[in-house]
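Quick heads-up: it's one chain on its own, the form predicted on its own, in structure tokens.
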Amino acid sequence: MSRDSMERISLGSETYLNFVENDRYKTNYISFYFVTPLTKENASYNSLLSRVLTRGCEKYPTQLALNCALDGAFDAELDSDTAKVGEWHALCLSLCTLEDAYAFPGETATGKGLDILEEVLRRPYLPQGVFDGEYVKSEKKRNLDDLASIINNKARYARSRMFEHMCRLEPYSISSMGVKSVLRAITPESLTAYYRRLLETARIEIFFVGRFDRSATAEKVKGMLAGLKRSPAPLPQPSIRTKARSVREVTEKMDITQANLVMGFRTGTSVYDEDARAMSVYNAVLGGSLTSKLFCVLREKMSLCYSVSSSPDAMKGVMLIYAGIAPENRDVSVKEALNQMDEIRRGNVTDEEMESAKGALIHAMRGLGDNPAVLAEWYLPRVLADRIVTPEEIIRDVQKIQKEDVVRVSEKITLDTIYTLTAKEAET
């Protein structure tokens, strides 16, 4: 197989193996994604469970014991996290191991690492039959602290608040880290019940990035999941609103000096559409690169903002424009951002802008393989949406996009929400 090629194998019961062959590393990367509908409960339980699982297991009940075992498996690295994929939510357990070719003769680094991953996943530390109370308590505090700390990053906070308003009646508004009220109510007993239900009902997507013996690996994974009474339901289709009904404006004030402007749009184009690639090029022309219209005009030419960019989410069919601005520049920044979008609608895109935009996308695609975790995360939404392509295939598609394709997708975009996080008025 060629570099970054992919092979997908169904193991039945909504469980899939994805082999992404890549010869750039001396390590192998494995990730187990447990995918559920995005709800307040699932996001909260997944977030806390991902933290508690890696505190210890039956065989290695403490973090120290677990880390020692990983050190003995050629310094393998075990990690856990959660991800929001459109209106689905995923708990991820991942493992990075030395490639077997570089292990001691007769030993398999990947096999040793997978043995530990199996212990963590299938035989967690359950004293008295439930998760350890102290582990749950301490990880819940960390989870709640992380949620509370979002406000310290004003750009991130502004983006999340914009989507809370724009998608207030849609699952997409829910944070990947969960909801405070749900997290506070979780007990060791309820977390244990959720863990067992997750193994039985979640869709499982397993990625192996590197070089593997596919047959042996498939048998190993089957053994890791043996005994599970799987009864998964197909994931619900995401709700994609193609057009904004009206424009909502929201302003929030804090003791800050720099304002954060976030404009939310319904793009009318999603991962399921033929225009998905043209939308990517449109975004690069508008604000997705250092040669984009927003960057060159609002920041460099007009000095309206400290930073500015646009970013779409094809899984949901939305796009945001973010700008860090002086509070007094808010109205003119909104006006000029919309003007630059109108410029594209009118076809005022130069050949140089098109080539720069496509070049930025192609560079990003070629860089995906530099990090196996990023590569697996990039493939995840595509396998979930049943729109599987390789980075090389996307590069070929991007090279074919013409200006008229960019203009066409631009005509479907509608403004939904303008959110501003700005300074309080000075007291007199």
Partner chain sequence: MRFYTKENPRLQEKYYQGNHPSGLKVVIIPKAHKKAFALFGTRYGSIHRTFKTDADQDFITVPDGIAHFLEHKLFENEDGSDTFADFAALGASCNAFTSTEMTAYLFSATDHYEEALSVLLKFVTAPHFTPETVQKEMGIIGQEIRMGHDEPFHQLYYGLLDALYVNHNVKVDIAGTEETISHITHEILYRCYNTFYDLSNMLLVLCGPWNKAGVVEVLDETLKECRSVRIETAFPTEPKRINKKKVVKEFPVALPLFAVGMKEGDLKKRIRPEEILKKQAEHELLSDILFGKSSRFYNEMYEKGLVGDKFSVEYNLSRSYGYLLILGESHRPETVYRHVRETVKNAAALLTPEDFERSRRAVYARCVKDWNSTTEIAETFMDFAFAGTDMLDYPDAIAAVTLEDLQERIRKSYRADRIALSVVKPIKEKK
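Between two forms, the rigid core is the largest collection of C-alphas that superpose within 1.5 Å. Not measured: the values here are computed from a predicted model. Numbering follows the first chain given and starts at 1.
FYI, the form predicted together with its partner chain isn't displayed, but the following is about it.
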**OP:** Given that the partner is absent here, state which listed stretch (178-186, 75-83, 223-231, 114-122) has heavy atoms within 4.5 Å of its partner chain in the predicted complex.
**Re:** 75-83
Original post:
Might R266 be said to contact its partner chain in the predicted complex, defining contact as any heavy atom within 4.5 Å?
Top reply: no
**OP:** Indicate whether D146 is a 4.5 Å heavy atom neighbour of its partner chain in the predicted complex.
**Re:** yes
**OP:** Considering only heavy atoms, tell me if K400 and its partner chain come within 4.5 Å of each other in the predicted complex.
**Re:** no
Original post:
Hey, in the predicted complex, does R24 get a heavy atom within 4.5 angstroms of its partner chain?
Top reply: yes
Subject >> Interface residue in the predicted complex among K141, K335, R196, R168, criterion: non-hydrogen atom within 4.5 angstroms of its partner chain >> reply: K141
Original post:
Which one of S190, T201, S173, Q258 is close to its partner chain in the predicted complex, taking close to mean a heavy atom within 4.5 Å?
Top reply: Q258
Original post:
Which residues from 148-186 come close to its partner chain in the predicted complex, meaning a heavy atom within 4.5 Å?
Top reply: A148, S149, I151, N152, K154
Original post:
Is E343 among the residues whose Cα moves by 2 Å or more between this form and the one not shown after superposition of the rigid core?
Top reply: no
**OP:** Once the core is aligned, please say if the CA of T110 is shifted by at least 2 angstroms between this form and the one not shown.
**Re:** yes
Original post:
With both forms fit on the core, has V247 moved 2 Å or more by CA between this form and the one not shown?
Top reply: no
